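Before any questions on binding or motion, here is one chain by itself as structure tokens, the form predicted on its own.
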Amino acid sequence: MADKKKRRRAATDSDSESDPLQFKSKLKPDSTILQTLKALKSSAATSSAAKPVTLSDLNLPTACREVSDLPLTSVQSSIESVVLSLAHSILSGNGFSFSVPSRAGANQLYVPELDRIVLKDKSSARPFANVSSVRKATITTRILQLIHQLCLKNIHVTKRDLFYTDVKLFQDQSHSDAILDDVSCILGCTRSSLNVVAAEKGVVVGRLIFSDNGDMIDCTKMGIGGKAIPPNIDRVGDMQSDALFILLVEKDAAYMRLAEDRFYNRFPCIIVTAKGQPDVATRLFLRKMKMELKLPVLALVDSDPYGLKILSVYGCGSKNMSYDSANLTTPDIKWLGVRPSDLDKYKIPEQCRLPMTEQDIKTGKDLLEEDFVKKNSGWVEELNLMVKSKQKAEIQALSSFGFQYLTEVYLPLKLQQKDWL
């Protein structure tokens, strides 16, 4: 009889150890977690006070190029200078050709001191009198003409608007979008300086007040949907916040859970998402918040290679827009979750874990070869674990323990334990 009681007690103890809800009992009072967050904010403010290193401060063996924000008058003058040089070339009997900075992978360089990708100085010719490049040269000329019109009228248009001005020539929006980036490189200005914006995609909610084109916006009073991030960052100003950190969320579903549970009231924060792949407006907005408010940024992404790629685009930049990485990257983003090690640590059920495809595994291995990943030993360890286990999981896997497990247990415990990389 005594043996049976011992076995029952042992079985009960074993069940409690494997019970994922046991983590709730590990939570300390919110006041203790808030002290941890205040220390994190203070540390971020101290590091932000130091003078940032710029590309010009470094004596790199390879010449690199960066673009800068230019006023419309300067963009207009640059376009006119380019066209004037083309006219001289035609009149002298040499035809015309654009010198376009190469945005190919071989012309990219990761700079550890800056912790971001930059564009090297290699350029290629785009002659009009060549069958292989005549169409691109024509599209480049047309885009320059359209941007010049925007400068004269001082108006903004979307990339979609730009495409529809000459559908027969552009054929597909991806073609006009790519040339638009080339034009930014040619003129040496950011894409925002061209007055061409993408459609609104990202949203923000939480402890943030800012002005949008003169209108004051309180992001605690924007409902569950939050405030759409303005596509034109020039409209944004007067940022004020009592938040302790910024929570960057990969997906809309997790964002809605956090917004509906008013997570930002329990732990003062600003919650932002681009609903998947980072768009330019969200990247600019995140950087502006980080630099002006001097807040730490914690990231919540899926436990898969694409979640880490998204995180790296915010932090180190994308290769496609490496020419503007100085304006688009947010330094020192910390990976809060969901990390591969969390799957076992938080006892995510097997049925909620997804097998990685061959493409997933390849992407993971490719990431392990990237310099910006190698620099962070914690990232390498987590990626190796992911590739070895061949398992991935979405943030929503935490809902298997309850719809509010993310906001009531997982994130508070992560913050309490300072469990970020």
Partner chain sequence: MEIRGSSESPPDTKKSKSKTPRKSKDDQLLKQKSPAEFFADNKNIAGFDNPGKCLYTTVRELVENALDSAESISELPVIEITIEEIGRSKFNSMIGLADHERVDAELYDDFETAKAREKRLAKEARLQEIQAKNAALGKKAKAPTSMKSIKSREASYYRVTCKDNGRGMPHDDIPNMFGRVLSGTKYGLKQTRGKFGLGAKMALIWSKMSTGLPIEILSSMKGQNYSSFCRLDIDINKNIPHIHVHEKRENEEKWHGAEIQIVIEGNWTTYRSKILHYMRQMAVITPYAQFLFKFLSESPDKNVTVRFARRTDVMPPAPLETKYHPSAVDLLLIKRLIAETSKQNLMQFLQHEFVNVGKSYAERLIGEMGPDFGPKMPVKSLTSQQIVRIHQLFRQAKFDDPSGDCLSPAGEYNLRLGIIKELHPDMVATYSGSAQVFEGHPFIVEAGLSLGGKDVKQGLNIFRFANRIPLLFEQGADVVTRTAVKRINWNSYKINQTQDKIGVFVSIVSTKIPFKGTGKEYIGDDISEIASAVKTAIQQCCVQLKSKIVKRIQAREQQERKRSLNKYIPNATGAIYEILKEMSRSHASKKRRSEDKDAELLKKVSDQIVTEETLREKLAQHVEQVDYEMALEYATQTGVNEEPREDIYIPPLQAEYNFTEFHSPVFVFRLVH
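Note that this is a predicted model, so its numbers are computed, not measured. Positions refer to the first chain, counted from 1.
One more form of this protein exists, namely the form predicted in complex with its partner chain; it is left out here, but the text below deals with it.
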property: Residue contact check: residue 128 to its partner chain in the model of the complex, 4.5 Å heavy atom; result: yes
property: Partner proximity in the model of the complex: residue 169 to its partner chain, non-hydrogen atom cutoff 4.5 Å; result: yes
property: Partner contact for residue 90 in the model of the complex: its partner chain, 4.5 angstroms, heavy atom; result: yes
property: Partner contact for residue 144 in the model of the complex: its partner chain, 4.5 angstroms, heavy atom; result: yes
property: Listed residue that, although its partner chain is not shown, lies within 4.5 Å of it in the model of the complex (heavy atoms), from 173, 94, 99, 211; result: 94
property: Of 266, 347, 319, 135, the one that lies within 4.5 Å of its partner chain in the model of the complex (heavy atoms); result: 135
property: Site test, 103, 178 and 182 vs its partner chain in the model of the complex, non-hydrogen atom cutoff 4.5 Å; result: no
property: Interface stretch in the model of the complex with its partner chain - options 116-124, 136-144, 334-342, 290-298, non-hydrogen atom within 4.5 Å; result: 136-144
property: Heavy atom within 4.5 Å of its partner chain in the model of the complex - qualifying residues of 375-403; result: none
